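Here's a solo chain for you in C-alpha cells, the form predicted on its own.
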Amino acid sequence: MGCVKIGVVGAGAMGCLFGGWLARAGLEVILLDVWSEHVRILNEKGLELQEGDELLNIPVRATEAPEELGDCGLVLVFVKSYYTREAVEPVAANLRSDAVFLTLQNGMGNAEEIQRLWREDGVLVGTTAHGSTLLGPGRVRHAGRGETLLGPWARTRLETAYWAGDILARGGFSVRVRDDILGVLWEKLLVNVGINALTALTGMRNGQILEDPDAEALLEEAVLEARSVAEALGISLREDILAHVKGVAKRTAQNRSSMLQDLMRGRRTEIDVINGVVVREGRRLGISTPVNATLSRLVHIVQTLQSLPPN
C-alpha cells in the first residue's frame, strides 16, 4: 500500500498515545473521537504528551466525522469494547475497500464484532503492554512501556500482520507478529482479569496489589480460575502465566488501570468482556469461577451506585 494514511478510532488515552507517536514519526494520522472539546484542542494546540519528566507537544489532526477516515489504509481501534459496533460501523461504511482494521482493545469479542462489518481478510488483532492515562482534553500521560503483539484474524493473511507491524515499528513501537494470536489474547485477558477489577474496586495502583497479601491472593485466585477456563477451551498459555501477570503489575506499578480510570470518571467499565468472559465461559463448560463472579458483581454494584442520583 506504500505510504498509508492511518486512522485511529477512539482518541482516548491509548488512541492518543499511538496516534501521537505515529504522527511524531512523520506518518499521516487522523484521530476520530466524539468528544468535541478534546477534538478541538487536539486540532488547535496539538497533543500534550507527558513522557516521564519530558512534556511533548505533537501536532495532530482530529475529527468527529467518520467519513474523514475514508482514505485510510490502516485503522486502529481503541474504543471501549461496548462501543465497537457503534464506532466502527460508520467508518467501515465510508472506508476504502482494501483497508485493514487492527483492534488493540481490551477484552474479548472485539474482532468478531469488526468482522461482521468488514471483509474476512481485513481484520488484525493484537495486544499492547503500553499504558496511558487521559489527563484532560488534549492531554495524555504515558504510564508504562512494553511490547505490542499482533496477528491475523479469520482469513487475514500473516503478511498483512507484518505490514501493519512495520507501520507501528516506524512510530517507535516494539512490535512482534504472532500466528497464535488467540493464545496471546487470552494471556492479555488474564492480565486484565488479575489487575483491572481489583484496582477499580480498591483504588489501588497496579503495583500496590503486590504489596497487600489479600489483594495478591485475589489476583492469584482470579487468574487461576481464568487459566482453568482457557485450558478447557484448548487454548495454550505460557506456563508462567501467574508470574507474568504479577510481572505486568510490577512493571506498570504506578499506572491506574483503565477500569479504575473508568470508575473514577463515573463511566461504564469493560468488566463484562474481561472477568465476565471467564464467568460465562466457565458456566458453559461447568467450571466454577467464584472469584471472577464476585469481582464482576462488585464492579456492577459500583456502576449502579454511580448512576443513582444523590440523596
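We number the residues from 1 along the sequence you see. Everything numeric here is computed off the predicted structure, so don't read it as measured data.
Omitted here: the form predicted in complex with a small molecule. The next part is about that form.
- Query: Should the three residues 106, 248 and 258 be counted as contacting the small molecule in the predicted complex, with contact defined as a heavy atom within 4.5 Å for each?
  - Reply: Checked in the predicted complex: all three residues contact the small molecule.
- Specify the contacting stretch among 159-167, 230-238, 81-89, 184-192, defined as having any heavy atom within 4.5 Å of the small molecule in the predicted complex. After filtering at 4.5 Å, what remains is 184-192.
- Report whether the minimum heavy atom distance between residue 110 and the small molecule in the predicted complex is within 4.5 Å. No, no contact at 4.5 Å.
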